[in-house]
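The data below hold one chain only, encoded as structure tokens and taken in the form predicted alone.
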């Protein structure tokens, strides 16, 4: 449980004066950004604290001061990137859209987010290599994740009420499928491109894949036979 304790320690803060707090927040933000780049490129094992400090225009002492160590910094980076996608989904205001439009927008957003943030996929891969233990203490993220599942459930419920979606769909299973159909395509683009002799990342291929993703999800949840 040492990793969890380190993660939780990294999340704690102490009150400071406004100017000091702004400086501390800016330094912490630069370290997180540099660490995200380094961890996405080399993983937890390959990333070096010295390199992260240099990228951040800081020093190792400040990294240990704010985060407690490399593992705790990795915890903070993972929480940050997961919260970023959850916050972006929340900003879509899907509750204000008709259920079918809301679901299409969610599928489209997920695909676009993966394309715009390739480091998210590599960081998730790295976290899974360590069996997810670096997210065990991420209580804020767990709360936001529950809120996301509740939002998807509301879309499904509204769709059932209006007759466009079939009943009995598990929102967690649906979210796994939405993530998987984009995630797998992108993580296997190199091998798939060779084996299927197709340019996975060409504009036409990306548009075709998005259209297929949307069609797949809407057919999966549609009330129509």
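Residue numbers count along the first chain shown, from 1. All figures in this text were calculated on a predicted structure; none of them were measured in a lab. The term rigid core refers to the maximal set of C-alpha atoms that superpose within 1.5 Å between the two forms.
The following text describes the form predicted in complex with a further copy of the same chain, which does not appear among the structures shown.
The closest non-hydrogen atom of residue 60 lies beyond 4.5 Å of a further copy of the same chain in the predicted bound form. Although the partner is absent from this view, residue 55 stays clear of a further copy of the same chain in the predicted bound form, with no non-hydrogen atom inside 4.5 angstroms.
In the predicted bound form, a further copy of the same chain sits within 4.5 Å of a heavy atom of residue 145. Of the heavy atoms in residue 98, none are within 4.5 Å of a further copy of the same chain in the predicted bound form. The candidate spot formed by 190, 194 and 216 is fully in contact with a further copy of the same chain in the predicted bound form: every one of the three has a heavy atom within 4.5 Å. The partner is absent here; in the predicted bound form, the one residue of 112, 93, 84, 136 having a heavy atom within 4.5 Å of a further copy of the same chain is 136. Exactly one of the stretches 40 to 48, 61 to 69, 24 to 32, 157 to 165 approaches a further copy of the same chain in the predicted bound form with heavy atoms within 4.5 Å, and it is 40 to 48. If you take 126 to 160 and check each residue for a heavy atom within 4.5 Å of a further copy of the same chain in the predicted bound form, you get 127, 128, 129, 131, 132, 135, 136, 141, 142, 145, 149, in sequence order.
After superposition on the rigid core, the Cα atom of residue 190 is displaced by 2 Å or more between this form and the one not shown.
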